[in-house]
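The same protein chain appears twice below, in two forms, each given on its own as structure tokens and labelled structure 1 and structure 2.
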Structure 1
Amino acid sequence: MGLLEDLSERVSAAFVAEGLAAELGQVRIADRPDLAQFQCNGALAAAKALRTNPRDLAARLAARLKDEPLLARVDVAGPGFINLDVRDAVLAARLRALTQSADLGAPQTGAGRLAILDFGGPNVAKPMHVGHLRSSIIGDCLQRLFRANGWRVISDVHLGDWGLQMGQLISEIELRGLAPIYFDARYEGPYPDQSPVSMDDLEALYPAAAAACKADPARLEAARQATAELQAGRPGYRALWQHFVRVSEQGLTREFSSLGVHFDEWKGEADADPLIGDMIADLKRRGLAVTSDGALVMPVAEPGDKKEIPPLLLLKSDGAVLYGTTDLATILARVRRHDPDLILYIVDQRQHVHFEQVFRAAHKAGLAQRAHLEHAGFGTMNGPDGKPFKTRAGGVMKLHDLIAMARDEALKRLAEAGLAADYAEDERAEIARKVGIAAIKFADLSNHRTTDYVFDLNRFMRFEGKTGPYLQYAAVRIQSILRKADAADLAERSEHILASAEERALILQLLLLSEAMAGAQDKRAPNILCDYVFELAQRFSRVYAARHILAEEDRAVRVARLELARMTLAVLVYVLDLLGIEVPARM
């Protein structure tokens, strides 16, 4: 049980003893840490409902808590706040228990539960760009967090590998006379194992095909016809499409790996295609899907809606399926295959109405429970002009180029700070890679996911302030302290209780890890972890500035401070790993 949870349970018991609701006893971190460690504001709400004096009620509650063994102090402040301080001996005992916990006391909120996380979402035949960054970084952090909290997690990249874009590519290859064997209707295979196009080829072919289709209606019709034949199962087109997917997956795996992001499944829209026919027939049979202006739609509006929720479009008038159709079939496939407790989509906030339509349709059709479907949207990563981030030339920046830019800036900052100057070139390059990725990830995750933010690499790369590189350096500094420590001191376990204000504050922060992890999961908010780990680094810095560690003459105190440093490092590295940030061995 986390410290806040434990305190809340005990204070809630006091409220119940006074005939009040248990939920009024929730304890929180004090707004004024100079006055108390924790506070409970429930007496104010209770007194208002009872029309009694809140301070008198708070005093009665405090009296019930005065003999609580966890607490060193209970008093009433202001109009009826209950202030609480925990005994130093209790903090020391809980810290020792934390050091012996394999999972650092992570809350096992997901024990026995399965979550499918859908994020990333790149398209086949297209390079990853900065538009994929937030989904990838936030989604990866959440999958790491859910796993740490005891969930069984299946992450799915959900490729955009179906639809008109595939028909555009296929028709472009045919028009250019490339790989004619795939277009010979008399040939039935086998087709070559080697792809006739590389990822570089696809990156050039797709924009050309898209531009041609936009400019020429006849060319667009050819692409639509190719799409229809692909989806109908034409062998040559299917074989060519499979090459597109395999070639793209190889490139995408490298791109995601450069961010330290990995997936359990590489499913795509095409994987749901075999289910669509029967699903549509069933929806029509039950009267859930109806014809509107030649298209097939599923009404999903509900009586209490405050704004219009349009019907979910299932089939266009020409019979073509849409994203909503494949998303609905994908839910059906996931429920049949895995029966998850949660399917969480980490996708741009601008898609919220789309997911609301799909989720309502899935629930209405009995494909999934509405409570098991959730969209965790996010804002945009913008440039200095406040618009979605672009290259200096005004184009969309490739993810590979962004990472290279961050690495180069990291090398420059390391040189300016005099860090890693005498290391081997390959080690310095590896440190720069880790620092660059940390700058990108922390900058993104430290903002609440629903907010837009301005990408400023110059600010994000600093080794001071609330940045990824600062946190890496904080961890590296502790590693350096521990390397210099006497081996005998490190081997000993101390019973000494550290009680200075700075040390007490650091211990309290360490003991709040469980609450930070639970809160970040509940709110799908990695910024809670960022706030927590930054505060942890700050509190250690204050200890380091105010108290001797290696130079401390009292061995019992020195050993205790080294143990505190070691625990701080363990939690720093652990939380940074949840954020997908690696810590170098040295700088």
Structure 2
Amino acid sequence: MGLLEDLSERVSAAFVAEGLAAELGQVRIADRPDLAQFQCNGALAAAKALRTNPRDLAARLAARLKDEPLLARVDVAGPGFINLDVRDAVLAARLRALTQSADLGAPQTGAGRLAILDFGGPNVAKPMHVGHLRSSIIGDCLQRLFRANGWRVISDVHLGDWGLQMGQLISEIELRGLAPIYFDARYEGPYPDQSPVSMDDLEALYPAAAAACKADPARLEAARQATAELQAGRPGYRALWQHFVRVSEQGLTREFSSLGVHFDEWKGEADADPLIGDMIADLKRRGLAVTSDGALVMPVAEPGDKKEIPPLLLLKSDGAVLYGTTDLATILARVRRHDPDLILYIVDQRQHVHFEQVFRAAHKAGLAQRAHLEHAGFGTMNGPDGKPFKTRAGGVMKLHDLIAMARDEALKRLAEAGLAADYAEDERAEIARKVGIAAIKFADLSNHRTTDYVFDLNRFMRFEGKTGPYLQYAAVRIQSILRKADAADLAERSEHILASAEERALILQLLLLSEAMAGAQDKRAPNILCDYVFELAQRFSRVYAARHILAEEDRAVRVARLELARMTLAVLVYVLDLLGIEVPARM
């Protein structure tokens, strides 16, 4: 049980003994760490409801807690706060238990439940943009966290492979005469195994096609037509599309792995296509889908709606399916295949209405009886101009280029800070890669996911302050202390109880790991882990600044401090790993 949870239970019991509700006994970290470790504000709320004096009530509760063996001190402060300090011996025992637990006390709240995490979501042939980057970073952190907390997780990249951009590409290729065989209506196959277009071709063809469609309604119409025919199953188009998907997947796999992001499934919008026909027939039969202006829609508005929720578009008048159609059918596919407890979509906040429509449609149609459907939206990564981040030339920044840029900046910073200076070039390059990625990921994750933030590599890359590189450096420093320590000291266990204020503060933070993990999971909020790990590193550096470790003369004290350092390192590395950040062996 987490320390906060344990304290809350005991304080709740005191409230219950006073005839009050147990929830009032919720204990939290003290607002003023200089006055107490923990506090409970429940007496204030209770006294208000009862119209009694909050200080008197708090005093009665405190009296009930006087003999609580966990506590070193209970007192009443201010208008009726109950302040609590835990006994050092209890902290030491809990720290010891934490050291010995294999999972560092991760809250096993998942207990075998299954979550499908839908994130990444790049589109075939279109370059990934910052929205996809954020989705990948946040989604990957959540998949690591869910797993650590005992969930079974299936992550799915959900490729955008069934929309208009496919028809745009097909008609562009037809016009340019690049692969005539795929357009020959009399040709019956087989089609070549080798793709007629490379990733570079696709990246050049798509913007050209998109621009042409924007400028010329006839081109747009041709693209629409091609999309509808592709979806209807025209063999040449399907074969060509298959090449686009395969070529894109290869490129994307490379990009994601350089970011350290892994997916269990590489499914796409098109994978749910075989289910769409029956699904739509069923929705029609039950009167849930209706025709409107030639299109097929599913009304999802509800009486209490504060703002208008438009119907979900299922089929266009030409029979083409849309983003909402494939998302709805994908729910059906996932439920049939995996029967998950949760499907979590980590997608740009601006798609909020889309998911509201899709979830309502799924519930109305009874597609997800058991699975909880949830959209965890995120804000935009902006450039210095306050608009979504672009390259200097105004284009979308490719993930590959972004990583390279971060690595170069990291190399510069390492040189400035005099770090890794005398290492071999390839080790330095590898450190720079890890530092660059850490800078980007930590900056992204440390904001609450729904807030927009400005991309500022300069700031993200600092070795001081709340950054990824600072935390990596903190871990590397502890590693180096441990490397220098005497092997006999490291093998020893100390019964010595560390009791300086700095050490106590550090131990308390270590003991709050499971609560940070639970909170981050409940709120789908990686920033809680970022706050936690930053605070941990700072508290360690205060100990380090205040006390000697290696130079401590008293062996029992030295051994105890080394244990604390080792434990801090273990937790630091563990939480950084949850954030998708690697720690170099040295720097």
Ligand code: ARG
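In this text, the rigid core denotes the largest set of C-alpha atoms whose superposition between the two forms falls within 1.5 Å. Remember, it's a predicted structure, so these values are computed and weren't measured experimentally. Numbers given to residues start at 1 and step along the sequence of structure 1.
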property: Pair member that is the form predicted on its own; result: 1
property: Threshold 2 Å Cα movement between structures 1 and 2 for residue 184, core superposed; result: yes
property: Cα displacement of residue 262 between structures 1 and 2 reaching 2 Å, rigid core superposed; result: no
property: Rigid-core frame, C-alpha of residue 237, shift of 2 angstroms or more between structures 1 and 2; result: yes
property: Angstrom shift of the Cα atom of residue 370 between structures 1 and 2 (superposition on rigid core); result: 8.0
